[in-house]
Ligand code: BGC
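Next up: a single chain in structure tokens, the form predicted alone.
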């Protein structure tokens, strides 16, 4: 078990995490996945970035989150013709292949990049819509600023949500993943509630979200808990996000409490959560961001004590440079697989901005970090709004 950490230390790490994310945010608004990790350098993901933006929004870094959402909308507007072609092919019964779908990650200037990647993932397009509407609601302003991007995302999701695609971890392309469906549901419902859609599209969005939720309830549940993909028996750490922050599943419901309990029993060791049993990426370590997501699920279920333990575990993974990594090797599922990844991509991504973001999000949720009022951002955050990324060494 981890040693209990004082609240002031937890709060200090949260404040540092906000500053780090703000400082590393690109002038375009994109959040780098990791500034130094070879496979991620120069790229921003819609999914990861949306969770980062949600954390920054919760920390009252309103301008930072808004600029990320501006970046997302610009990318979507630039790909209007691609989205229309996908819609038309789907309507004609001749759907385009996966290689012609929207990309998963983009360079900071909004291009697809030249590196091969596992690109067809619909989760990010639902997650950013959920995040931007939540952001607007949280700070009491209209999401109409991003109305064009929200509408384009809904059109893309309506045309593609039923297709199998890669999961959050860029794996298992042939499956229909419950976490992905949850992101789509959250995005479509948020869009329908946003007031920016036509009445016809709002109805379509609500209908697709309801259909996807029914699919999860009938084919994505086993023994009372959510599973990794439809008709699976396994669980995945990402399922906690459907409880919180996405709120697709009520944290106090039997399904919510059973899912959190199953993740805790099967994937967590002393608070450190694995992605899934059988994971071999860098040996299958424990991910701080998933520990924080499980903490949010516990909090949504009313167990703040367990939620705080998850936050403390994540805090214990911080490096001497005060960076939170993508994963740690304290409890590997298959240590024999570490060398191949070290040779391929180098050491584990550190810092991972998504890890810092989920730590912030849970710290705010538990009241362990009280953000400054909007407009009273730290000097590092303000500095990042005017120029270059700070170098990480």
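Positions refer to the first chain, counted from 1. From a predicted model like this one, the values you see are computed outputs, not experimental measurements.
If you look for the form predicted together with ligand BGC, you will not find it shown, but the lines that follow are about it.
Student: Can you pick the stretch from 23 to 31, 357 to 365, 46 to 54, 331 to 339 whose heavy atoms fall within 4.5 Å of ligand BGC in the predicted bound form?
Tutor: It is the stretch 46 to 54.
Student: Do residue 228 and ligand BGC share at least one heavy atom pair within 4.5 Å in the predicted bound form?
Tutor: Residue-level check for residue 228: no, no contact with ligand BGC.
Student: Although ligand BGC is absent from this view, report whether residue 275 comes within 4.5 Å of it in the predicted bound form, heavy atoms only.
Tutor: Output for residue 275 is yes: heavy atoms within 4.5 Å of ligand BGC.
Student: My question is simply whether residue 352 lines the interface with ligand BGC in the predicted bound form - judged by any non-hydrogen atom within 4.5 Å.
Tutor: Yes.
Student: Going by a heavy atom distance of 4.5 Å, is residue 168 a contact of ligand BGC in the predicted bound form?
Tutor: Close contact exists here: in the predicted bound form, residue 168 approaches ligand BGC to within 4.5 Å, heavy atoms only.
Student: Residues 63, 141 and 374 are flagged as a possible site; in the predicted bound form, is every one of them within 4.5 Å of ligand BGC by some non-hydrogen atom?
Tutor: Zero of three within 4.5 Å in the predicted bound form.
Student: Which of 108, 172, 281, 120 has a heavy atom within 4.5 Å of ligand BGC in the predicted bound form?
Tutor: Only one listed residue qualifies here, and that residue is 281.
Student: Heavy atom within 4.5 Å of ligand BGC in the predicted bound form: which residues of 308 to 330 meet that condition, in order?
Tutor: The stretch touches the partner through 326 alone.
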